[in-house]
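Just one chain is shown here, as structure tokens, and it is the form predicted on its own.
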């Protein structure tokens, strides 16, 4: 089973199409929408985790591209510059899914990739610019 996170960009004309429905029905993929901002007649974005066989996954991605949807791998990791970080905790305070936490007792920053939805709130919140996304 393949499981990958994709960052999708929807052109305005595709915003109202049932894209995730087709991924399930036509390609037997299991979508998990982690984050989405899609409105009629506007460009939209969706962070989508897809699970399924490698063959079906490739066919589903080909379908998305054929529909004019931009497809790229989602950010692969949150990167922390230890020299810049002062462990102030601001990034953990804005991390709604709880992907960034401070370890008890050590005040070490801990990142749980499976919880991250790549909203970039931590990047914006960091006053020292110590947090970045790696693609």
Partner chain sequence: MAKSWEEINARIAAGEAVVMTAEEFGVLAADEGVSAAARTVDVVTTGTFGPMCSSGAFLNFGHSDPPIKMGAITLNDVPASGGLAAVDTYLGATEPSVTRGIEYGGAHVIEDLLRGRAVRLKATGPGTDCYPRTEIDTYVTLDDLNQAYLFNPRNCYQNYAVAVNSGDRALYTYLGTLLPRFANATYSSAGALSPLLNDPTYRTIGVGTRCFVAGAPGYVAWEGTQHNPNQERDENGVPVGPAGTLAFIADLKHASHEFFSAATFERYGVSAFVGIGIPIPVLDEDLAATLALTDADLSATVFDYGVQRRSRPALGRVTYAELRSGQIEIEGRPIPTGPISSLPVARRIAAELKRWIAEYRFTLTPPLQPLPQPGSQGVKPLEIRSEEAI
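As the structure is a prediction and not an experimental result, all values here were calculated from the model. Residue numbers count along the first chain shown, from 1.
What comes next is about the form predicted in complex with the partner chain, which does not appear here.
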Inset, instruction - Given that the partner is absent here, state which listed stretch (42-50, 64-72, 22-30, 81-89) has heavy atoms within 4.5 Å of the partner chain in the predicted complex. - result: 81-89
Legend entry - the partner chain contact in the predicted complex: residue 94, any heavy atom under 4.5 Å: yes
Inset, instruction - Indicate whether residue 18 is a 4.5 Å heavy atom neighbour of the partner chain in the predicted complex. - result: no
Inset, instruction - State yes or no: in the predicted complex, is some non-hydrogen atom of residue 102 no more than 4.5 angstroms from a non-hydrogen atom of the partner chain? - result: yes
Inset, instruction - Considering only heavy atoms, tell me if residue 12 and the partner chain come within 4.5 Å of each other in the predicted complex. - result: no
Legend entry - Heavy atom within 4.5 Å of the partner chain in the predicted complex - the one residue of 36, 110, 54, 107 that qualifies: 107
